[in-house]
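There is one chain below, alone, in structure tokens, taken in the form predicted on its own.
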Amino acid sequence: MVRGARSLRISPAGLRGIVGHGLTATHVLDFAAAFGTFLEPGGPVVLGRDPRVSSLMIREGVAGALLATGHDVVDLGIVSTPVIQHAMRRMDAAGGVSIGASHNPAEWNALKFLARGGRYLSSAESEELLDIYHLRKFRFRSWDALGRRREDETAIDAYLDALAAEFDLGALRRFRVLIDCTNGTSGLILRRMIERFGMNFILINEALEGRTFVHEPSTTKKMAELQLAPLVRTVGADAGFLFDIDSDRVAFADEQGEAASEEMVIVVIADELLERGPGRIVLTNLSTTALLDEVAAAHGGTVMRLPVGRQAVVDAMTAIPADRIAVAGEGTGAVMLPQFPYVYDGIASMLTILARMARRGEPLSELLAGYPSYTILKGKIPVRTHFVPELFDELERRYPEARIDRRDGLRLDWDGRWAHVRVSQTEPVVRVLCEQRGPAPRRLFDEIMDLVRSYSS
């Protein structure tokens, strides 16, 4: 991972930072030029953005650099990354760029680069893109070979057509669903879904905002407890869902107004999809709940754990036959369904959870009560990265009886509990997660957090 200032993150996951203080117009132009150089000719490059005030400025820079490298650009306007990915397949696009920082505050923004087929870049492709960026070997075209730009306003309807082909939306209309759009792209999409399919959705915080979101756009249980859960019972909803700005992640609450852990999104979806097709593989990362292993085993399936990040999942998906994969995702509310490979899609995830409620004929609270109890604790602390290897060595010495996994930071495993300590790809922090079957592993979590804190800046 390459690291810039604390307010800028450059990594294989993309470019992310605080606009004007870390992420500058120069970064945008150079990275977009590198991506235009990286892409092979043939097919347009699809471009979309979230409603952040900085996204319009960034769009102009990205579009200009792509045109300068000879690529036609199709601008979808304000749309989610899943909509961009669906449009790329429909248009047989050479690549795509999503402008938006999903769960980060309004002052942040990011570029996500997408390869043909709407998939995230593999590790090898990401490294090639980074090499072009750092070496500044950009392939600019002459005046008579520049790309052309056009707008396309049909992408959201085409995306909804794809969802309607996979889900029985008529059967899901019976559910009264409260949805917190967090001033993000989900408001546009779900309003159109209501208009076209008559869905019984109650949208709150629907208005697009670019400078100040109504609340932090994270899809954690804590945020769902604060912003969503108290209203579910008030409006008599069967379920409540909360989206980040990009609509690729989702959190939820049951009809009793109880927020579920963000870890439960992939658990419920895996349970549903493995029940339909047992014995398949669930792809997830080292930081996701161990409850997933129990659910997969109940259906004869297996869990393949990978380093955190999109690249590891994409690499694994290209190496495994598609019909062997049940679902892929992580415990943040970001899930890829097999019908839409390579697409983290919060709206499709919501529809899958509603479909499980419809098929089982049980309220969401009863579905959740049927799972064994696991408790996970999560924390994050700013740490100077040159201290991280020393920190990991100290953790190994402190817990010599634990099983060790060094593929992504340091994971420590014991029977019935685990801990994972790693450097974040999206924030300048070290993340700490501890989980235990049954009550919270409070003592273990506090011990590790204290140790990490001792290395903090």
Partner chain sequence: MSRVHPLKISVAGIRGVVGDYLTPNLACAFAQAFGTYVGPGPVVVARDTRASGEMLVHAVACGLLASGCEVIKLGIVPTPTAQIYVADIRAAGGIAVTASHNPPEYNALKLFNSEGLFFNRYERAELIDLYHQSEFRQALNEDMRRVVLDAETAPERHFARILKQIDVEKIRRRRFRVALDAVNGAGSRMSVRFLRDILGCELHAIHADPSQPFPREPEPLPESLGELSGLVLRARADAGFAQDPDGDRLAVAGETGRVLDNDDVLALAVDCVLRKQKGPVVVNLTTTSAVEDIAARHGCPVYRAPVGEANVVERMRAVRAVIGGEGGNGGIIFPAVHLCRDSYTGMALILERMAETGETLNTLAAALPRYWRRSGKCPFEHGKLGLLMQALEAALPGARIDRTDGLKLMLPEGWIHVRASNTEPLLRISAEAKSREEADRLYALAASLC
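Keep in mind it's a predicted model, so treat the numbers as computed, not measured. Numbering follows the first chain given and starts at 1.
Heads up, the form predicted in complex with the partner chain isn't pictured, but that's what we're talking about next.
Undergrad: Val53 near the partner chain in the predicted bound form, any heavy atom under 4.5 Å?
TA: Yes, Val53 lies within 4.5 Å of the partner chain in the predicted bound form.
Undergrad: Verify the contact flag for Ala25: yes if a non-hydrogen atom of it lies within 4.5 Å of a non-hydrogen atom of the partner chain in the predicted bound form, no if not.
TA: Contact with the partner chain, yes.
Undergrad: Taking 4.5 angstroms as the cut-off for heavy atoms, does Phe138 touch the partner chain in the predicted bound form?
TA: It does: once the partner chain is placed as it appears in the predicted bound form, Phe138 has a heavy atom within 4.5 Å of it.
Undergrad: Given that the partner chain is not shown alongside this chain, does Pro44 nevertheless sit within 4.5 Å of it in the predicted bound form, heavy atom to heavy atom?
TA: Flag for Pro44 set to no.
Undergrad: Hey, with the partner chain in the predicted bound form, do Leu29, Ala106 and Gly210 all fall inside the 4.5 Å heavy atom range?
TA: Yes.
Undergrad: Picking from 401 to 409, 63 to 71, 414 to 422, 387 to 395, which part of the chain touches the partner chain in the predicted bound form when contact means heavy atoms within 4.5 Å?
TA: After filtering at 4.5 Å, what remains is 63 to 71.
Undergrad: Answer with one of Ala94, Ala355, Leu146, Ile132: the residue that has a non-hydrogen atom within 4.5 Å of the partner chain in the predicted bound form.
TA: If I apply the 4.5 Å criterion carefully, the residue I get is Leu146.
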